[in-house]
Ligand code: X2X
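Given next, in structure tokens, is a single chain: the form predicted alone.
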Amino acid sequence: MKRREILKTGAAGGAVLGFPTILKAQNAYRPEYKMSTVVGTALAWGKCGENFGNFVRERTNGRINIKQYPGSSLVQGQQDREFAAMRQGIIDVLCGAPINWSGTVRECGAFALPFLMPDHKAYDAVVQSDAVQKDFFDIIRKSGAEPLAVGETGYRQLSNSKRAIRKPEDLKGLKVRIVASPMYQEIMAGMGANPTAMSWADAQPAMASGAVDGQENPMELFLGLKVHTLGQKFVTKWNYSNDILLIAIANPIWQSWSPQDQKIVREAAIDATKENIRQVRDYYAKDVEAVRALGVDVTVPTPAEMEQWQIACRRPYARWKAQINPGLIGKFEEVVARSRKA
């Protein structure tokens, strides 16, 4: 056989041998990757998940198909089970508030500490810092997921059906729905409220029937889910907590994708969270006016009143800082302090 024919035959053989490898790599991608979100696409949080899934699908030409499951339906509405379910292979993609996962990974409760990030300037400084992009992200990686990008869930405000809340003692005796967070429970109990942990699905009929007096959530949710129709007549805009919105992929899934697709997916997450932050800030700028237009009484505390709220939260803040990760939170505090001087 001539040398040219030998080379031609060898090249053909190599192609045949390589072809099944290429097919195998393509077939390793699943037809669908399940993403859990607590809320639907009518809200900025759920819309972020939708945008992320669409960006990934379009930019990978359908190789990666991420399907959104709102209402934490993959875990029967129990959002505090999402991270554990991801470890079990039930969920592939997370687009959620880390406070919901703090029972699984304690550092996920760090961002929800009361008044840690008192305004958007402090918030932006923290989430863009190495304390988040390196230290916190490394914790998430070691816990079983690849963190991609950070958005915003929005400052949490207080609503109730009984009276205007201007100072901590006004909360005394009110039954307030909270997410399943011992930290939130301690904060509310410390001010005399009766905190009750329940899913949002259970909270809505409880408020409508009067079994629960109030709740705390971003005002975008108050507006989007028409919480005023559940008897909630009073809102206090106290900005006590603003959790991040984290997009993350289960480690086995992330590692199954090519480096090129990993880059595409990460960039899609960054773009989706940028749009999420824009939407959340847009709602925040208009929320008082929008809620008052519904006939709801909105209290915006004065600086002196805000100081009372902050003082009331100092003890639970200190206790939970020590319990969550004092080193990590100390770094957050340093970033916030620098942002006040900038």
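Everything numeric here is computed off the predicted structure, so don't read it as measured data. Throughout, we count residues from 1 along the sequence that is shown.
One more form of this protein should be noted, the form predicted in complex with the ligand, which is absent from this view; the next part is about it.
Colleague: Between the options Q232, N239, S143, Q79, which residue brings a heavy atom to within 4.5 Å of the ligand in the model of the complex?
Modeller: Partner contact (heavy atom, 4.5 Å) among the options: Q79.
Colleague: Looking at V280, V291, A312, V38, which is the one with a non-hydrogen atom within 4.5 Å of the ligand in the model of the complex?
Modeller: Spelling it out, the residue with a heavy atom inside the cut-off is V38.
Colleague: With a 4.5 Å heavy atom cut-off, would you call N100 a contact of the ligand in the model of the complex?
Modeller: Looking in the model of the complex, residue contacts with the ligand include N100, since a heavy atom lies within 4.5 Å.
Colleague: Examine M86 and determine whether its closest non-hydrogen atom to the ligand in the model of the complex is within 4.5 angstroms.
Modeller: The answer is no: M86 has no heavy atom within 4.5 Å of the ligand.
Colleague: So in the model of the complex, does I264 come within 4.5 Å of the ligand, heavy atom to heavy atom?
Modeller: Outside the cut-off, so no.
Colleague: May I ask you to check whether L221 falls inside a 4.5 Å heavy atom distance of the ligand in the model of the complex?
Modeller: Residue-level check for L221: yes, a contact with the ligand.
Colleague: Using a 4.5 Å heavy atom cut-off, indicate which stretch of 256 to 264, 185 to 193, 117 to 125, 172 to 180 touches the ligand in the model of the complex.
Modeller: Stretch 172 to 180 is the one.
Colleague: Three residues, W45, W200 and N217; all within 4.5 Å of the ligand in the model of the complex via heavy atoms?
Modeller: Judged in the model of the complex, W45, W200 and N217 all sit within 4.5 Å of the ligand.
Colleague: So which bits of 156 to 175 sit within 4.5 Å of the ligand in the model of the complex, heavy atoms only?
Modeller: Sequence-ordered list has one entry, R156.
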